[in-house]
Ligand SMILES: Cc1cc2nc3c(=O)[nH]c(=O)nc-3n(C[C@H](O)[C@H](O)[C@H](O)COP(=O)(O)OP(=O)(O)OC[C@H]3O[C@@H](n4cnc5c(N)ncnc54)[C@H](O)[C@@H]3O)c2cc1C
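One chain comes next, on its own, written as structure tokens: the form predicted alone.
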Amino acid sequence: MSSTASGKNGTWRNWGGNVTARPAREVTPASVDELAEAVRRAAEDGLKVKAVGTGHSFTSIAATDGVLIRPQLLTGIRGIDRDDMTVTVEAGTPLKRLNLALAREGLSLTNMGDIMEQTVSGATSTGTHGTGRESASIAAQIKGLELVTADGSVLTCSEKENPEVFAAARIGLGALGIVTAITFAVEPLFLLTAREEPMPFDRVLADFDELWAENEHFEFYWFPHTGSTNTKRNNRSAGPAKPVGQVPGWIEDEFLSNGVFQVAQWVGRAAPAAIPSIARLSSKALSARTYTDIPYRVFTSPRRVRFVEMEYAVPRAAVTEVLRELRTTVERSGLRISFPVEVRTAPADDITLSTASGRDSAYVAVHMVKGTPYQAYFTAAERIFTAHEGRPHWGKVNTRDAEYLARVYPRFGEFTALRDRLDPDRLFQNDYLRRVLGA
């Protein structure tokens, strides 16, 4: 186990660049036993403890001035059970590595988000999700967890073993302990056909229920200051596989979606008045395409342009009204928004603090490019989301507190009571958790 004190260059920054922290020391354990010892030592030294993956959260959920646990040595697959169709993986394993390893074994997760740089523990602990009519978030695919609790003991949980912990720890916010391994449900590798095409914003809203019902996975991006969207429909396919060609893929995913888009963001920052014109051009840059490939190559995409993001889950039935209100707000406010708004869905699940806990949900995500003032836009958007009982993504910018969250999460008290039992002295506390969960 390596342990280093933070000095002049010991400042930790998240991926979006909007959160920094200066931990007293950083620890990189090579085993669960070493991690447990680091937790016990921190408690003896009177230091708080947080674990951090790749820093893709836009909140300070992983920030600490105490001990920062880095899990990059806790990686790899512990085992595959083909009878139960599960895979057990070390918590620090990047989703990209897991996806590649599963594909080699002829296996796949059922659903996933669109970024796969995060660690499995960071992604699940904050509620990372993709889009799906019946298939839910990554955390909803968890069948078992192992975590180190505040006294340094190792606790395992599943539907049968410590079920009350399992109900909450799948999206535990780092408040219940440090996750060291996760067991996911998997299935035989399958093919998805992706159909991507532009569609007018008003048509998407008018046909949203139909588009959702007819597709296993439906999502779209709306370009503010325009009446245009880019839609994506993913459905299982019998094949054959027809991946995006290397050259067309580079043009669409790298040159247009990242390269040209990055230039457009630079121009927009330098000349905000040009943003509506840039948005109209950007909305027309991507053409329709259809391709068939294995799941992670369809669900995920590269994200080279760094940004800051706010995302809320609202009741699925309310999403079209939310989007109409957001469009009206942008049009009347004088705001200049250069980043598309992303819209996805998820079915209700049974995870205590999942953003889809107990209700079918739709996600609306607003973004601003890194380094651009985002407060006015996010404040206006958040006002709309909260008026519809929105639940903020735990890893994305929000200003909500425990009083608000207790109103929109029916099982909020169940989570905080479990936290009182597992971490009574708040070893895993930080400013973010104090705000969203209470003292």
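Position 1 is the first residue in the sequence shown; the rest follow in order. Note that the structure is a prediction, hence the values are computed from the model and not measured.
Same protein, other form: the form predicted in complex with this ligand, not shown, and the subject of what follows.
- When this ligand is considered in the predicted complex, T28 lies well away from it, no heavy atom lying within 4.5 Å.
- In the predicted complex, this ligand sits beyond 4.5 Å of every heavy atom of L192.
- Interface residue remark: L107 is not counted as part of the site for this ligand in the predicted complex, having no heavy atom within 4.5 Å.
- Though the partner is left out of this view, T126 does reach within 4.5 Å of this ligand in the predicted complex, counting heavy atoms only.
- Listed residues V39, L405, V397, A62 were compared with this ligand in the predicted complex; A62 is the one with a heavy atom within 4.5 Å.
- The stretch that touches this ligand in the predicted complex, counting heavy atoms within 4.5 Å, is 387 to 395, out of 387 to 395, 408 to 416, 370 to 378, 39 to 47.
- Interface residues of 51 to 69, taken as those with a heavy atom within 4.5 Å of this ligand in the predicted complex (partner not displayed): A51, V52, G53, T54, G55, H56, S57, F58, I61, A62, in sequence order.
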